[in-house]
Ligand code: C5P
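Single chain ahead, by itself, as structure tokens, in the form predicted on its own.
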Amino acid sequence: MELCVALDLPTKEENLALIEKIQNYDVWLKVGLRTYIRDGEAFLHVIKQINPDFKIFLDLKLYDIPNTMADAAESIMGLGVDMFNVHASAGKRAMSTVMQRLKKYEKRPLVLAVTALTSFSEEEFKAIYEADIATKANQFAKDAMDSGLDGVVCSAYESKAIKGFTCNEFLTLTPGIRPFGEDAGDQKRVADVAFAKEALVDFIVVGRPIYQAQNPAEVVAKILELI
């Protein structure tokens, strides 16, 4: 299991201050929609300047027509990131088109598909997808695997079932991790590190419990000890 630290702070300066504090740890850094729109490609290069060993997860959740998604994925190839994601609900044709486009590259980032956002309650999810989260997450995961993707984004509650429905090598990344039982905030399906380990999660994403702490580096160290 690997730790991915979410860079979700309100300003670039705050994110950079956090990165500086944890620069000596072997972690991934998640750059999400707000941060990337605000700070752009240049911010990704600054991360690598602070520590070239940092791995970057670009969390933009691509969702569009197949060709547009593939065009965007190919543009991402020039950013030097190590992982990015798409929405599984874009469909198998879209996901397959993305992976076909990336075949020509000798080395590519990991590509994951979002199944059900961890902010969804069961009722909210059913209202949109007309199925329960567990059933649809399994289906989305199988679609992603069949399309050549490396794994999915899901909650810790779906991870083990997805591994059984696909294979153990198929990656799961789980947001909404509260390592020491912290408040769930705007997330619905949260879990601690012990539960994530039991669920065979490959990547855990931790945001607020790290960047809201008095000593973020200390929290990172404790999480790394747990995993």
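In case it trips you up, residue 1 is the first one in the sequence shown, and so on. Keep in mind the model is a prediction, meaning the values are calculated, not measured.
Heads up, the form predicted together with this ligand isn't pictured, but that's what we're talking about next.
Heavy atom distance at most 4.5 Å to this ligand in the model of the complex, all of V114, L117 and R178: Every listed residue reaches this ligand in the model of the complex, so yes.
Segment assignment from 135 to 143, 91 to 99, 67 to 75, 117 to 125: heavy atom within 4.5 Å of this ligand in the model of the complex: After filtering at 4.5 Å, what remains is 117 to 125.
Proximity of V153 to this ligand in the model of the complex, heavy atoms at 4.5 Å: Within the cut-off, so yes.
4.5 Å heavy atom contact, V220 to this ligand in the model of the complex: Because no heavy atom of V220 falls inside 4.5 Å of this ligand in the model of the complex, the answer is no.
This ligand contact at K55 in the model of the complex, heavy atom, 4.5 Å: Outside the cut-off, so no.
Contact of P216 with this ligand in the model of the complex (heavy atom, 4.5 Å): Residue-level check for P216: no, no contact with this ligand.
Within 3 to 19, the residues that have a heavy atom no more than 4.5 Å from this ligand in the model of the complex: Result: A6, D8.
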